[in-house]
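The chain below stands alone, shown as structure tokens; this is the form predicted on its own.
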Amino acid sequence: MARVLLGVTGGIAAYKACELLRLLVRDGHDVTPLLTPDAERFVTAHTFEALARQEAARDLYPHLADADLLVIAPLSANTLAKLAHGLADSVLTQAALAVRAPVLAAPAMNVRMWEHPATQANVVLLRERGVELIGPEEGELAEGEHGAGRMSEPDAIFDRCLELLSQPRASTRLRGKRVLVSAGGTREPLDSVRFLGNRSSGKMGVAVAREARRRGAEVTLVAANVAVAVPAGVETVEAPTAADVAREVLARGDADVVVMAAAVADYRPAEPTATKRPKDTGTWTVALEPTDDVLAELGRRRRNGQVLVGFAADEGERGLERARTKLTNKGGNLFVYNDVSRTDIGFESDWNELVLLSAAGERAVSRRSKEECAVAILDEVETLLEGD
């Protein structure tokens, strides 16, 4: 049985927290509800006391209670901002400052509030401090609008709670390890202003780098034209072309963990021009030559105890079969397959859905945010490190 602090903030999604509480109690956990004053405008504290099968805490310092997990569902924009800036004006925000256990939060708010730069900056701060966010999901919102802002469903939050509670209280598998991550999409010059590229934004690789840093690793990010901010505390090396990625990655390829999340071009123009080619009425025929296979070279160099993670961005079942072949041929420990034929995940999206392939078998990771996907990937990496 674990001790769980359940934070509930103001918002219509507060009623869903009742179901989350019921699931946790039914699973045998000791749950202490911590409601903000605004939360009680939607669901009374007595309701949560009844579901938790205990009265509200009567001691003077409920925020200092020892716990195995703090889960906040829903997390409003207001409380999210308070947590990001260390404010402590309620028992919940006080607990968030004092707790030494993992913190899982499920944001819920209007889509425009979620997308506001201030909210997104606060999200970055929380993630850098180790808070894990689940959701928000896309769908119809309480005000009738549609977009990202719905709280994740209680059973999904409950499942993640169980995963966090099953992990060691203070896992140190990545602490002090050197982790190398590539991210983004390469651009291969055609002339001085044009290039051949792809749609990768770098969001997935950056999320992996951020999560590895959160777990205590020394992280280097080889960034190929990433479209998102890089995490604080991560060394960043710019590598705009496939040749640049090959040079920078192979120079650091002795890292304990190498995650090749970048979409590296398979081909580049054989004869790029140094100046801009002016437009005319004729056709432009471009010969392409293959780029170096960096992942295969890393596989040939892989040493015992090193974890090498490759990404396979492909389409459908045939793409998954090709990913299985790559696992065999490239010399890596783990391959991450994602289906880029879909428009709701993958390139340029904040969401992904993965299949993790290793010698131990295959594990499907259902559609979730790329930050949550990064958690799943690095959980698998830690398992491989433990096995080695």
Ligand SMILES: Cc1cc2nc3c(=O)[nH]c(=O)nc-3n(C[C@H](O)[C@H](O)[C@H](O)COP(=O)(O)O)c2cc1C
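Note that the structure is predicted; figures quoted are calculated from it, not measured. In case it trips you up, residue 1 is the first one in the sequence shown, and so on. Superpose the two forms; the largest set of C-alphas matching within 1.5 Å is the rigid core.
Not on display, but discussed next: the form predicted in complex with the named molecule.
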Tell me, please, which stretch of 284-292, 225-233, 104-112, 205-213 lies within 4.5 angstroms of the named molecule in the predicted complex when heavy atoms are compared? 104-112
Against the named molecule in the predicted complex, would Thr79 count as a contact residue? Criterion: heavy atoms within 4.5 Å. yes
Can you tell me whether Leu354 touches the named molecule? I mean in the predicted complex, with a 4.5 angstroms heavy atom cut-off. no
Can you tell me whether Glu49 touches the named molecule? I mean in the predicted complex, with a 4.5 angstroms heavy atom cut-off. no
Contact between Thr36 and the named molecule in the predicted complex at 4.5 Å, heavy atoms? yes
Out of Arg363, Arg41, Arg342, Arg324, which one falls within 4.5 Å of the named molecule in the predicted complex, going by heavy atoms? Arg41
Even though the chain is shown alone, can you say which residues of 1-40 have a heavy atom within 4.5 Å of the named molecule in the predicted complex? Thr9, Gly10, Gly11, Ile12, Thr36, Asp38, Ala39
By the 2 angstroms cut-off, has the C-alpha of Arg187 moved between the shown form and the other one once the rigid core is superposed? no
For Asp89, does the CA position differ by 2 Å or more between the shown form and the other one when the superposition is done on the rigid core? yes
Determine whether the C-alpha of Leu80 shifts by 2 Å or more between the shown form and the other one once the rigid core is superposed. yes
How does the C-alpha distance between Leu92 and Pro231 change in the predicted complex compared with the present structure, closer or farther, given a change of 3 angstroms or more? closer
Just to spell it out: taking the C-alpha atom of Ala106 and the C-alpha atom of Met204, is that distance smaller or larger in the predicted complex than in the structure shown here, given it changes by 3 Å or more? farther
